[in-house]
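First comes one chain, alone, set out as structure tokens in the form predicted alone.
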């Protein structure tokens, strides 16, 4: 129970749809979502596959708590080989799509092959069809979702789709559902586009069953109260969203600014959560219209923003004057601080563009910041950019490039390659602030040392959501550690990575971990799922998932040499703030991390480790 026990296999090459039984033994070992889908993917796909070839597969996957009464139980993930990194990719999204898929009776959808023409997948409970999508190809995310709802005459239809960026192969194209929720990182949208799959439209009314309904409801009520009583999940995130971090991270000197040349941004307060709450002098309204929640969420951290109707970016475009998905912290940083832009309305518009056209705002903003540095150096000129001056701090450049990149036009096509390929093309690969090809999120490893090890060892390239040591190093959750120290960080990162993998496999949101530990998750899973689920076993599941992902990457050609950081962070010390004079201490942390993981000095899991985790 809680798993539906069924999944779909869609062969786009032959146009066939098959129903298969879920492997219950694998479900016991890997739980669901990120874990179970990774097991299926690793078993079925050659790690050396070209990510954009028909031989690559992609799996849309739910967790056992998806679609249940568990708080935040609306998550789904997309697992594939990512074209941005050539590593295992697992992008997680909220909204309502995951719940709808589970309620339609499916744990997963495995998509393989390539359609000879644009198609979309229509799912209404057990009725599954591959349909022509010619009328939607070339349309935006917003146009496609609204068009499919009108076509099916069902406003409750849930749609996950790509925009032009995914169709044209932007390497950090994402898959957007519910207009502004996204499986955002590693280029999963480009894989979808390479298969000529425009969208998946789902309607599910079958419900989700759990093992012990009475015990499950009691457990969810108890742990919802834990979330409500916590200062972060009960107060900070509902009011300010993740943007609550903007001024905090800036103050401690860990705000990457102007492509990580600096660690503090003088304009941070202008694009912060507090700024989103301040009435504008132009129309007296705030940028933040309201907060928003995904399915089953009692936190409601989402930002819904209303732009200034007189702002230059939308003055002649009334369609952008309606409220839509506003900037979260990562997007505000990438579009703002990293590009030196302190115009909140420009950042909001660029974020609208990322949502509407389906691109990852983190990778887009970071790639634009690298291009701005190349422009500052004279390596890129207005001849390449179509006359646009890519100067740090230019809101006009941000707005224009967000639209061009989303549409796959002009210099936006080059930005769509990502910073690793862009900077290499222009002879300065050292300016790409990325790991394994994926751009950094919004925390400078010189000011938060644990995040340097987190980035370097992340299985999907630089990522904060694989091991959010900011919780401990800045917020004191579950205990306070010194952000400037390297001691103890190897163990901290491993613990966060393993626990996070278990949460990602369950179907709930990682933001619950500001208040919950595996001690809170286990009782809910144990009441919902067949078998016995304890915190200790879930930690083992998490470690098994992490190690399986590592094995896939090693087989794909990754080595310990890829567990590194850009030279800028290893050689150039922070110039201001508490971390002034410091560089990343990765070289001190990485050997201990390998040892704690039971890996060799070359970063390869030992035979004993594989046997202990039932991977050999």
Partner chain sequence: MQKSLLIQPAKCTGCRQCEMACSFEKDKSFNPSKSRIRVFDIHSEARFVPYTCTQCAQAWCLQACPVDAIKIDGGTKAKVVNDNICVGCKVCTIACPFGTINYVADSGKVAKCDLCGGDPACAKACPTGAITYVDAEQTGYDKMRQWAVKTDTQSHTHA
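Positions refer to the first chain, counted from 1. Because the structure is predicted, anything quoted here is derived from the model rather than measured.
Beyond the structure shown, there is the form predicted together with its partner chain, which is absent from this document and is the topic of what follows.
Three-residue candidate spot 83, 417 and 423; no residue lies within 4.5 angstroms of its partner chain in the model of the complex by any non-hydrogen atom.
Although the partner is absent here, residue 213 lies within 4.5 Å of its partner chain in the model of the complex, judged by heavy atoms. Interface residue remark: residue 462 is not counted as part of the site for its partner chain in the model of the complex, having no heavy atom within 4.5 Å. Interface residue remark: residue 532 is not counted as part of the site for its partner chain in the model of the complex, having no heavy atom within 4.5 Å. Of the heavy atoms in residue 536, none are within 4.5 Å of its partner chain in the model of the complex. Just one of 115, 394, 194, 291 comes within 4.5 Å of its partner chain in the model of the complex, counting any heavy atom, and that one is 291. Think of it this way: in the model of the complex, its partner chain has a heavy atom of just one of 150, 413, 217, 315 within 4.5 Å, and the residue is 217. Per the 4.5 Å heavy atom criterion, its partner chain in the model of the complex is contacted by stretch 202-210, the sole one of 337-345, 129-137, 202-210, 373-381.
In the model of the complex, the residues of 303-341 lying within 4.5 Å of its partner chain by at least one heavy atom are, in order, 304, 306, 322, 323, 324.
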